[in-house]
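One chain is shown next in structure tokens, namely the form predicted alone.
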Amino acid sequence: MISTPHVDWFALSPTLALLGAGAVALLGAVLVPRRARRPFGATVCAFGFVGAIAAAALVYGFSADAHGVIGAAIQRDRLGALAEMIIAGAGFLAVWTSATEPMPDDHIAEYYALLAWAGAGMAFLTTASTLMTLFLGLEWFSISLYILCAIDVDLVGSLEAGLKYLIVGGFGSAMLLFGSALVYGATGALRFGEIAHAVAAQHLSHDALLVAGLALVIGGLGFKASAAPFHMWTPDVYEGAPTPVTAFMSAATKTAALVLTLRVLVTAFPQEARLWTLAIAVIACASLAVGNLAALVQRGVKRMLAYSSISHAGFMLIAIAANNALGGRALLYYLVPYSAMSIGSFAVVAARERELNAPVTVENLAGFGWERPLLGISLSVFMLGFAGFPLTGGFVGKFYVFAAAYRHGWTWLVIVGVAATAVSLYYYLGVVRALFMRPSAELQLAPVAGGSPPSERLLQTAVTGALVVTVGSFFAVQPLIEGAKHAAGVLF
């Protein structure tokens, strides 16, 4: 008789909620009349993300003692639960950003199913505790995103974005898989904790096979986190994909990749900290340099936000490089306002795209703040938050990241981060200037979706929610930091 491990369904509940929502949304493609598929798919997907938030909150509350489940293939702990809440929150806002996207109804139910399944894969990935479940979760959400990037066949650049993401993402996945194979070959272990134990017991810290495997694993995760020099796919994919998909990718993918990076490095490779902390710090500096310098010359707003995403990956990698409890807290806190600002910014871009029926540039944002005050003010706040201005969560996030690096003794890394922030002011404030301080351009607004502009109420709700989180995270620092402290306490 084959013995099977006990399945902790409660630990899997956030993932299962999204899997179920995706399945129901997919049924809508067959059972629901064409004109009702969009509202049906959006509603089901939104309920799936809300259910995932509630389930993750319950897992967080009842998982004070971290432990492995399902044969220790995944970890039930507060770190994974908090990451799942952030991912599900980003997905919920992305659903309402998508609700009025002018894409054909032919595959709209499949779109929402894939959105839910991508979220499920990310939720599963953040709890992975073996090299096998790590790769499974990574491929799970990546395949969903490959299709989502290319799903709008009427959008110029969508198919190209999906193809580029598939090719470069496949290369990153291969790098991660090969690195995992080398680590397994050196240690004979798949579970993160057992890898660390094997390295200590067999004195493998200087083993060439292990070090090469670690380097490849870091590179593979760097692809998913959009960190330089593994960032080459990011600007083209962000620009070409449907804007709601870009919004979801910018927030949720980065959350899953960075939380997993923290878990893998701290749990599986503590003896190699002298190597990977310096490697992560160098990658962080490269991301800050590439992201900010390239963003200076961008005129397209989506492309500028793509390079901004690379830059913020650098800031969050500083927290990981610090390799201390304060760094863990800083990363988890930073992800909350960053996700809200990313979703909100791309939602405003989506609204402007629908008005113009053309790509959004800094020039054609001129006067938008006066024409659409809610969206204009919100985008200004998001830009100030990205730059780290007070009264936004971005200020507190950067402060905690720099504090973690300083506590580690890396004052030079703090200086690099401050310099990068100063450079970023040019292009962030340039957007604010265009919104309110430049006269409206002579633009002919184009109708979308068959001649009448779609209702923007749902999109405005998503933008307002992102704005509340961005500003609220500044004033609700204490509860958020407490939550991040309990989650990071799993590792430190």
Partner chain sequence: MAGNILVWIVWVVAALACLGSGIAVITFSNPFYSALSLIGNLASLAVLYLLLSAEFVAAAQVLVYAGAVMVMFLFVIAYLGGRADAPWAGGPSWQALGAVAASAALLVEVIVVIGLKSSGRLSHSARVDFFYGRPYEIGRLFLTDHLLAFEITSIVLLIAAVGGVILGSHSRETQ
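Every value quoted in this text rests on a predicted model; they were computed, and no experiment measured them. Positions refer to the first chain, counted from 1.
The same protein also exists as the form predicted in complex with its partner chain; that form is not shown, yet it is the one meant from here on.
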In contact with its partner chain in the predicted complex (heavy atoms, 4.5 Å), from 404 to 412, 314 to 322, 207 to 215, 333 to 341, is stretch 207 to 215
Taking its partner chain in the predicted complex, would Val7, Gly71 and Arg191 all count as contacting it (heavy atom within 4.5 Å)? yes
Is Ser144 one of the residues lying within 4.5 Å of its partner chain in the predicted complex, judged by heavy atom distances? yes
Find out whether any non-hydrogen atom of Leu260 is located within 4.5 angstroms of its partner chain in the predicted complex, and reply yes or no. no
Are any of the heavy atoms in Cys285 no more than 4.5 Å from a heavy atom of its partner chain in the predicted complex? no
Is there a non-hydrogen atom of His107 within 4.5 angstroms of a non-hydrogen atom of its partner chain in the predicted complex? yes
Among Leu19, Val469, Leu480, Ala11, which has at least one heavy atom within 4.5 Å of its partner chain in the predicted complex? Leu19
Work out which of Leu278, Ala419, Val153, Val297 lies within 4.5 Å of its partner chain in the predicted complex, going by heavy atoms. Val153
At a 4.5 angstroms cut-off on non-hydrogen atoms, which residues of 163 to 192 are near its partner chain in the predicted complex? List them in order. Phe178, Leu182, Ala186, Leu190, Arg191
